[in-house]
Structure formats: structure tokens, C-alpha cells
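Just the one chain here, the form predicted on its own, laid out as C-alpha cells.
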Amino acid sequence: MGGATHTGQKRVDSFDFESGRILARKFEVVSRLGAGWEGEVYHIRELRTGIDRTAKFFFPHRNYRERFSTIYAKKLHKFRRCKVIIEYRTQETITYRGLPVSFLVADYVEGELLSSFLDHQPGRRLTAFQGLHLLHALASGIDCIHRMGEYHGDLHTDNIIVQRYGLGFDLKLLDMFHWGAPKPENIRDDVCDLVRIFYDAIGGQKHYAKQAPEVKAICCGLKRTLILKKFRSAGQLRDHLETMQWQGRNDKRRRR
């Protein structure tokens, strides 16, 4: 699938690599994991070692002179100590329909997309306490990014991998970062996205009226000005979760 840019150059809007395809004589495509504005993410396997990896392929018209792939690689390296970030390995290039295509190779993370994980829950939602654990794991991970003056910019349930769920959540971010110099507004957007994920994970508008006061004090009816008055960064949201006192009703639900 493709076309042409305004300069007349070829444009690629989808790679559609099929399972079993060999790339750069080094990797075999296993499956597609997701897609975004700047490219697509695939599960690949090293031919020589059999090790599974993740690869992000950049659309050439979005990655002029490899600008975005280079920025992305440097950011992955910068945040290598943040627990929610998948560890970066190397950068490679292939030719696709006559165009050079850069892709970044990172560790492969086993798990389930949060969107799919929620679909498998009773009533397709989490209890309030489960949702608070999810929100705490996300806020703690994003706080690591915010403390470095950066932001994520595209938080949603199809960009979050649930690796493990027990007392808490182990999470990884499948895709990261929109481009541009970080601004306070970007960090505030992340905070609102975190609250929105929590709101949706515990049932959204359908169940909101019956949620405990402590839950509503976090969601603020999804009113941006109220959320940001309380939480101006992921760290402030995390601190609130760690010090809040639960005095609301027991979290009950009907099992269907």
C-alpha cells in the first residue's frame, strides 16, 4: 500500500511483511505487533541465534534522512534504566520498493496488549483496586521519563504490554514518543492519558457513578483542568496513589 508525497517521491503507508519473510539476511518476520504514525512494529527472530526481537520499521516519508529513527534510538538508549522501556539493541536498513527503510531492533517482550488483557477480564473491566495497581505501575514508569524532562505522547491500551499480573502489574511500552522538543503541555497530556486509561480500565462511564469517592477524586470526571490541578506530572499522581487512604465502599461487581 503506498502512493506519492507532495515532492513526487514514493510513499509507503504499510509494509505488510508476512510471517516467514527474511529481512537483511539476518531476521525472519514472525508477526506484526502494531502500527503508528511513523511506522510499524514487528516480532522478528534472529536467523543465526534464534533469539526473538522486536523491530520498529519507519515509513521513509516520515523518516527523512533517518532523522526520526536516530532520535528514537537515542531516546531508547537514554531511558534504558526506565523499567517500562524496552531495551534497544541496534539499527538496520533494508530496501523496500526501491526505498531505504530504517528499522530499530530491540528486545522482544512476551505478554499481552492491555486492550486484549481487559477484554479477558470479567465484565471486560478491572475492579477499582486492580485499576489502582495498574495506574500505579503506569505512573511509576512514566515518572521515570518525566524526571528526565521528556514525555511519551501516545499512551493508550494498544501501546502497553502486560507482562505479568499478580499483586501488581509489570508493564512495557510497545511504542513511544511523538516528536518535537518536550514542552510542559506534553507532560500534562501524559497525565491526562494515564487517568483516562484508568477510567476506561475500570468500566468507563457505564460504571463511573458507582465508583468509590477515592476513584472519582482521581478521575475528576475526566475534566482536564481538574485533573491537572491535582496532578501536574506522573510523579505527583504516583505519590497520591501511594499515600491515599481508602475509605470508600467495598469494590463489588456482578459476575456475568
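From 1 onward, residues are counted along the sequence shown. Computed from a prediction, not measured in an experiment: that's the story for all the values here.
This protein has a second form, the form predicted in complex with a small molecule, left out of what is shown; the following refers to that one.
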Go through 35, 47, 226, 192 and name the one with a heavy atom inside 4.5 Å of the small molecule in the model of the complex.
35
Can you pick the one in 162, 174, 82, 137 that has a heavy atom within 4.5 Å of the small molecule in the model of the complex?
174
Specify the contacting stretch among 218-226, 36-44, 60-68, 200-208, defined as having any heavy atom within 4.5 Å of the small molecule in the model of the complex.
36-44
Is it the case that residue 119, even though its partner is missing from this view, gets within 4.5 Å of the small molecule in the model of the complex, heavy atoms only?
no
Looking in the model of the complex, any heavy atom of residue 113 within 4.5 Å of the small molecule?
yes
Do residue 109 and the small molecule share at least one heavy atom pair within 4.5 Å in the model of the complex?
yes
Taking heavy atoms and a 4.5 Å cut-off, does residue 86 contact the small molecule in the model of the complex?
yes
